[in-house]
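Take a look at this single chain in C-alpha cells; it is the form predicted alone.
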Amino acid sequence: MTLELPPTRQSLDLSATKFITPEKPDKSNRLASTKAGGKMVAQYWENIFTAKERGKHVVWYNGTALNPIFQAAGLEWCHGEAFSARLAAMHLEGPAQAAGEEYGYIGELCSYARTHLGCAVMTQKGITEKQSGIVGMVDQDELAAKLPSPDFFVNAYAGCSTGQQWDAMTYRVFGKEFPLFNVSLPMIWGNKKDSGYLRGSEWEKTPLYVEEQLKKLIEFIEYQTKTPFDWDALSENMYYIKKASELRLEAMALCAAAPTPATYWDWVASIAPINFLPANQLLVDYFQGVKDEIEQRIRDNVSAVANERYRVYFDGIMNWNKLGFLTRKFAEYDVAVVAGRYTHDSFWQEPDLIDLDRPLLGMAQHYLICPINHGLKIMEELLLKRCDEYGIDGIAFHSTRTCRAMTNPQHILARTAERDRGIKSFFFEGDVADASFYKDESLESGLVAMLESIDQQRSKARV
C-alpha cells in the first residue's frame, strides 16, 4: 500500500488571537460523507433491537473490537460503550443513568458502565414485566430499554479497571442466568530496554498469550450456540476490516496538509463504523467515500476550519454529549483540532498486523495497543510522533472525569510535549457520557490562555 503524500503546507494567518464577535458564526466545515456512517449506525441498532424476534443469539460485550468473531459466529452483538455513547450523543442517556443510580451505581462510576448498567436494569425490568403479564409501555418506548437481553456476555478490556466489574455486575443484574467469558488483556508496560511501540521482547510474547484466549473464546461461543465456528468467515471479515482501515489511515494522513481538509471531529464521527459495524463491502465503501471527499477538498482548497491559525491535538475520550458543540467552539477560535489519541491510536490503526491466514494473532495485537494499555514510555513516543506528523501547535487535554485510565498520564504527557517540542497545552473538564461534568468556563479560559501562549511564542520566534 502506498499512501498519497499530502500537498505542501500552505502559509497560515498567524496574527494574534482576534476578537470573537457576539454572533459567533459557525466556522467549522464538517465532511458530508460521514453522514452515510450515521445512517449505517442507525440501521445497525434498529437491526439489533429485533434480534430476538429473528431468533438470533445476542452477545453483550465491552472493551475491544471482538465483533469480527461474533459476526463469523452468526451472532448479533451489542457493544456496551457504543450504545452508551449513542445515547449520550442523542442526549437520551438520562433514563438509563437514572435507572443505574436507582439500582445503586454512583455518579463517579465510568459513565459508559453506568449508562449500560442502567440499560441492563431497564431491559431486565422489561423481561420481568413480560413474564408477569405487565408490560411497562413507558419504559419500552425509551431507547435505553430497547436492547434485547443477552444470551451471554464477553469482556475483553485493556487498560481499564472498570471493565471486568462492569460485566460482573451486569451478570448479577440478569440474575446470574447468562454465562460470562473474560479475555485477559495484559498491560504493555514498555519498561524494558528493548521496549517500544510494536517492538521488543514484551511485544513479541504477550499477543501469543491473548491469541490462545481468543481460541478459547471461540470454543465457548461454539458451546453456547451449538454451531461450528466459521473460520473462513472470520478471515473474510478481517479482509474487509483491513481494507477499511487502510483507507481510513490514508485519509487521516492527508490531513497533515495545512489548512487541514478534515478534523478530529470528522474522525470521531467515523469511530462507530470502524469499531463495531459489520465487516463487509459497505464498510470499505464508506471509508473510500471519506477519503474521496478529503482528496476533493485538497484539490479545491477547501479547509475544515475557516481561517485555520492553530493546529491542536486532542487527548482524552470523546465527550459524546458535546460533539457538535465542541466542533463549533474550537473553530470559533480558528483552531483546527487535527488529530487525537482516541481516534488516531485506536480502532484497527495498524492494518499491516492483520494476517488473513492467522487472523487471531493480528486481532490480539490490536487489542493490546489500546491507547490506555501502554506504559508511559510508549505513550510519550506516540504523542510526539503524532505532533510531528500533523504540525501540532497545542494540545487540548480532555480531563475525562470518570475515565481514570485515560486521564492518569495526561499531566506527564503535557510536560513531555512542552519539554521536547515546546508545545503548549491546557486542560478542561468533561466526561464521556455524563454532561453534568462538562464545564464550559474551564474550556473557554484554558483554550484562550493556551492560544495567547502560542501567539507569544510565535512573536518571540519572529524577533
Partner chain sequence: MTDFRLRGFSRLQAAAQDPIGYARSWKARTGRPVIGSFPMNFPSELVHATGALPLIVQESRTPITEGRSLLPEFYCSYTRSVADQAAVGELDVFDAFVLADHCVQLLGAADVIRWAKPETPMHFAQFISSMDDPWSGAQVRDKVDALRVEVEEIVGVTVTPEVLGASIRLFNSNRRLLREFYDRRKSGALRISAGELQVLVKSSMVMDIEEHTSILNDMLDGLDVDSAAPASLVRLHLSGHFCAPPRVELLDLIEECGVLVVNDDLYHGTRYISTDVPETGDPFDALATWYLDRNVSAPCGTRVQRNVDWDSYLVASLEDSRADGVITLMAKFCEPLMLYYPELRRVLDDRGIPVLLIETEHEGLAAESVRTRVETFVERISRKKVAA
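Residue numbers count along the first chain shown, from 1. All figures in this text were calculated on a predicted structure; none of them were measured in a lab.
Just so you know, the form predicted together with its partner chain exists too; it's not on screen, but the next bit is about it.
*Asks:* Could you check which residue among 213, 235, 275, 149 gets a heavy atom within 4.5 Å of its partner chain in the predicted complex?
*Replies:* Looking at 213, 235, 275, 149 one by one, just 213 meets the 4.5 Å heavy-atom criterion.
*Asks:* Which of 281, 161, 227, 307 has a heavy atom within 4.5 Å of its partner chain in the predicted complex?
*Replies:* Only one option qualifies, and that one is 161.
*Asks:* Verify the flagged residues 296, 303 and 328 against its partner chain in the predicted complex: is each one within 4.5 Å by a non-hydrogen atom?
*Replies:* Heavy-atom distance to its partner chain in the predicted complex: none of the three under 4.5 Å.
*Asks:* From the candidate stretches 27-35, 54-62, 40-48, 402-410, select the single one in contact with its partner chain in the predicted complex, where contact means a heavy atom within 4.5 Å.
*Replies:* Every other range fails; the passing one is 402-410.
*Asks:* Indicate whether residue 203 is a 4.5 Å heavy atom neighbour of its partner chain in the predicted complex.
*Replies:* No, residue 203 is distant from the partner.
*Asks:* Considering non-hydrogen atoms and a 4.5 Å limit, does its partner chain approach residue 189 in the predicted complex?
*Replies:* It does: once its partner chain is placed as it appears in the predicted complex, residue 189 has a heavy atom within 4.5 Å of it.
*Asks:* Considering non-hydrogen atoms and a 4.5 Å limit, does its partner chain approach residue 209 in the predicted complex?
*Replies:* Yes, residue 209 is a contact residue.
*Asks:* Can any non-hydrogen atom of residue 349 be found within 4.5 angstroms of its partner chain in the predicted complex?
*Replies:* Because no heavy atom of residue 349 falls inside 4.5 Å of its partner chain in the predicted complex, the answer is no.
*Asks:* Does anything in 85-117 come within 4.5 Å of its partner chain in the predicted complex by heavy atoms, and if so which residues, in order?
*Replies:* Result: 102, 103, 104, 105, 106, 108, 109, 110, 117.
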